[in-house]
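A lone chain, given as structure tokens: the form predicted on its own.
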């Protein structure tokens, strides 16, 4: 499977090109990566499946592809509610209430505390 890496600034133009080329939006996914997160856009036309990936860090504002694919609001709201990313210009923004969770942004990377060492000594009689 080939995945083309693109810049955040190119997301809307790629989506527009895919829409104009007759491709449908299959899915938008978000996955934690070593350096930030991968957001992957998948498009399909007949048997041609294409994937485009951006690498983003926390706090990155991502342009919505809602102007090309109105249904993208589902994926964009899910990624917002689960990872905390903001999509600018969403066609339908649920304001963080699309998926109700017990903790905010449950799939967002957590800070790991530094490991500690505890020395245990045997008691002498």
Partner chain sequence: MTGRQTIIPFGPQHPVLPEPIHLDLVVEDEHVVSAIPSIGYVHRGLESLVDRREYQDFVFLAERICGICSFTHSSTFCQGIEGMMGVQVPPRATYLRTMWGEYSRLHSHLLWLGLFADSLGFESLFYQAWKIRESILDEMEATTGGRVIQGVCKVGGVRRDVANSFLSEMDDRLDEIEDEMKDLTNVFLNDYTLTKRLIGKGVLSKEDAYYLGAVGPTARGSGLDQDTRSTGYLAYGDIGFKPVVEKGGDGYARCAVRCRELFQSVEIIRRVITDMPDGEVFTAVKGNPDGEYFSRSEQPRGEVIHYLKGNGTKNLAQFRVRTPTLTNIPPLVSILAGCELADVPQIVLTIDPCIGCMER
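Worth saying up front: this structure is predicted, and the values here are computed from it rather than measured. Positions refer to the first chain, counted from 1.
Just so you know, the form predicted together with the partner chain exists too; it's not on screen, but the next bit is about it.
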(message) On the criterion of a non-hydrogen atom at 4.5 angstroms or closer, are 28, 38 and 69 all touching the partner chain in the predicted complex?
(response) yes
(request) Answer yes if any heavy atom of residue 42 is within 4.5 Å of a heavy atom of the partner chain in the predicted complex; otherwise answer no. (result) yes
(message) So in the predicted complex, is the partner chain close enough to residue 109 to count as touching (4.5 Å, heavy atoms)?
(response) no
(request) Look up in the predicted complex whether residue 85 has a non-hydrogen atom within 4.5 angstroms of the partner chain, and give yes or no. (result) no
(request) Consider residue 89 of the chain shown here, and say whether it contacts the partner chain in the predicted complex, taking contact as heavy atoms within 4.5 Å. (result) no
(request) Any residue of 74 to 94 with a heavy atom within 4.5 Å of the partner chain in the predicted complex counts; write them all down in order. (result) 74, 75, 78, 82, 83, 92, 94
